[in-house]
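There is one chain below, alone, in structure tokens, taken in the form predicted alone.
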């Protein structure tokens, strides 16, 4: 483990953000930075955290996702000449992984709590988190099926967004922006590394698949399907409220 190389890489990643903020603070706003000592300590903590996080990805999360994909597609689980239906353990693992990682996603928790606060409790934070987690789980499961079958990524993604457009026209206006944002917050620190590793590992293990062509694309499913489930959650809640009011 080369600590200095990892530290330099983390500084290089954080530097553009710090430089941009400093440039606007001094050159545009023309006011000194408030509490510079505290800001510097915070920046050093960000660099240290970035260094440790990236090293953790390299040592644990990426190898773990690829290892699970390789094991679940081995001879013990997949017979020779297997059909797409024989990969049921892969689909179950993909669903479970998508649901669990998204439920624990810090960015999603923050958005859900803020949505509950601003809506005055009309949007339940746990309901939103479960809807988003279910969407990611379904999306990754379908994405792994696409890798196994070698189907076109374009067909799935274009078809999904057509459905999203139709749902958007029918969903309550207050939920539309939040639903679209929910698709973005799923692609964050916890979910992305494991899902990416799963896709690459699966593409390496399934005969006839190209890692570059088929291994990527799961993140697109993880971003798209939560929009559908959150819009569907809002439409269902609105329908139930209308029925109770009758």
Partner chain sequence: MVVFQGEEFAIGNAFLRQLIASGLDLAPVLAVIVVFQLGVVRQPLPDLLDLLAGVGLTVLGLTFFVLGLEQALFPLGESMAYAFARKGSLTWLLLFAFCLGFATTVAEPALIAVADQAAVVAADGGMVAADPRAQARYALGLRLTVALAVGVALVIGVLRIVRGWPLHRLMILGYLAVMAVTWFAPVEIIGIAYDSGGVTTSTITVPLVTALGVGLAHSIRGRNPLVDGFGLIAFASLTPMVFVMIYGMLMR
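The term rigid core refers to the most C-alpha atoms you can superpose between the two forms while keeping them within 1.5 Å. Residue numbers count along the first chain shown, from 1. Every value quoted in this text rests on a predicted model; they were computed, and no experiment measured them.
Just so it is clear, the following notes concern the form predicted in complex with its partner chain, a form of the same protein that is not shown.
Undergrad: Classify residue 83 as contacting or not contacting its partner chain in the predicted bound form by the rule of any non-hydrogen atom within 4.5 angstroms, answering yes or no.
TA: No, residue 83 is distant from the partner.
Undergrad: Give a yes or no for residue 236: in the predicted bound form, does one of its heavy atoms lie within 4.5 Å of a heavy atom belonging to its partner chain?
TA: No, residue 236 is distant from the partner.
Undergrad: Check whether residue 93 has any heavy atom within 4.5 Å of a heavy atom of its partner chain in the predicted bound form, and answer yes or no.
TA: Answer yes; at least one heavy atom of residue 93 falls within 4.5 Å of its partner chain in the predicted bound form.
Undergrad: Can you check whether residue 205 is within 4.5 Å of its partner chain in the predicted bound form, heavy atom basis?
TA: Residue 205: no contact with its partner chain in the predicted bound form.
Undergrad: If you apply a 4.5 angstroms heavy atom cut-off, which residues in 64-80 are near its partner chain in the predicted bound form?
TA: Contacting residues: 64, 66, 67, 68, 71, 72, 76, 77.
Undergrad: Does the distance between the two CA positions of residue 51 reach 2 Å or more between the shown form and the other one, the core being superposed?
TA: Yes, because once the rigid core is superposed, the C-alpha of residue 51 moves 2 Å or more between the shown form and the other one.
Undergrad: Using the rigid core as the reference frame, would you say residue 9 shifts its C-alpha by 2 Å or more between the shown form and the other one?
TA: Result for residue 9: yes, a 2 Å-plus shift.
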